[in-house]
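Okay, so here's just one chain, in structure tokens, the form predicted alone.
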Amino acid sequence: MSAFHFDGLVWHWPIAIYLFLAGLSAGAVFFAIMLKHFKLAERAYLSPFVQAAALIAPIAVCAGLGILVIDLTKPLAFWKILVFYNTSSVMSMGVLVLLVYQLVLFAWIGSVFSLPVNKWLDGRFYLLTKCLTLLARHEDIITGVLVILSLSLGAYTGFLLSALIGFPLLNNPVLPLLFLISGLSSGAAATLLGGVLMRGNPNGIEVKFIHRIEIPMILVEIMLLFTFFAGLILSGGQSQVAALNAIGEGFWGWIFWGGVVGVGLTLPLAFNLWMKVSSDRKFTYVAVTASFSLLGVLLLRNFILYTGQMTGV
């Protein structure tokens, strides 16, 4: 059986990229909000890490939605999904969450960066200035809604796959939580990588704050992965077959143990622990650790998508 072409395969790698980008966007904006409210307050717009998250989050979610539209093979008919919602369809409800999330995301960015943008406008474009001022005045409400939507979007990436009830590895209640945590992890990594590339201080309070959250988050992700596969193996039958096929020998077994567990979880955890005890964080440490985390989450999405479709009931 080929790793990328086999009977029963319906969803290919573009769906994995879409799920990766949606989770990354949700994670990036989640950590930008955490940075603003716990560390940076009104000066958040000056931080290269918040600036990076404000760029990454909308670009990632728009790119992911674009990939989804193209992959549905009828891009000109996609507007129907945006107009005619089906409450019993996970895909339809996910698109609704995605659209509302984007609107609130842009409103939040407008509220956080209203001060520098209004200064730059200097009285020009009166309506735009008034709109940004209004958004800034209601930033607390916008932030609360955006936190809920970002967590919903992160979990949705797992719900979308778990709705495929004919595949025991995908139809797993742990999957939405696993994808939510790994999505937050990728968002944290993208924010760190973007921040240091935009000349943010690799030893600054933003990096230390995110790294403190990343360590327990990686441990939770490892625990969820263990629970995910232990539950399948102990269930017996086709669930056990699906789990052993996925993490056993072969191409996807190597991807799981070497890419997801080794590069994506073990190395970032080791580097984070090293940086925690080290007195000084360097650009290379931060950039390499973040890159490993991003690669691990991307491999996890592809691993789950492909191996999940290999064994049906």
Partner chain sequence: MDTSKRRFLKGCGGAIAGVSVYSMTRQPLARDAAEESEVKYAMLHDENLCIGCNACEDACREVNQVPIGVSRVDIVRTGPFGEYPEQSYRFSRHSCQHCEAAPCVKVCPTGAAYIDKETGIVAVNEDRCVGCQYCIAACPYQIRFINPVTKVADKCDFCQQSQLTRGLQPACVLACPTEALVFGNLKDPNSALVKTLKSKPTYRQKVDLGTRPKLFHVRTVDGEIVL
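Residue numbers count along the first chain shown, from 1. Just so it is clear, the structure is predicted and the values come from calculations on it, not from any experiment.
Heads up, the form predicted in complex with its partner chain isn't pictured, but that's what we're talking about next.
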Inset, instruction - Answer yes or no: in the predicted complex, does its partner chain come within 4.5 Å of a heavy atom in every one of 10, 140 and 165? - result: yes
Inset, instruction - Could you spot which one of 174, 198, 128, 91 gets a heavy atom to within 4.5 Å of its partner chain in the predicted complex? - result: 91
Inset, instruction - Find the only residue in 205, 151, 233, 145 having a heavy atom within 4.5 Å of its partner chain in the predicted complex. - result: 145
Inset, instruction - With its partner chain left out here, work out from 104-112, 208-216, 224-232, 154-162 which stretch has heavy atoms within 4.5 Å of it in the predicted complex. - result: 154-162
Legend entry - Residue contact check: residue 119 to its partner chain in the predicted complex, 4.5 Å heavy atom: no
Legend entry - 4.5 Å heavy atom contact, residue 37 to its partner chain in the predicted complex: yes
Inset, instruction - Please run the contact check for residue 72 against its partner chain in the predicted complex: heavy atoms, 4.5 angstroms, yes or no? - result: yes
Inset, instruction - With heavy atoms only and a cut-off of 4.5 Å, decide whether residue 124 touches its partner chain in the predicted complex. - result: no
Legend entry - Those residues of 280-313 which, in the predicted complex, come within 4.5 Å of its partner chain by heavy atom: 313
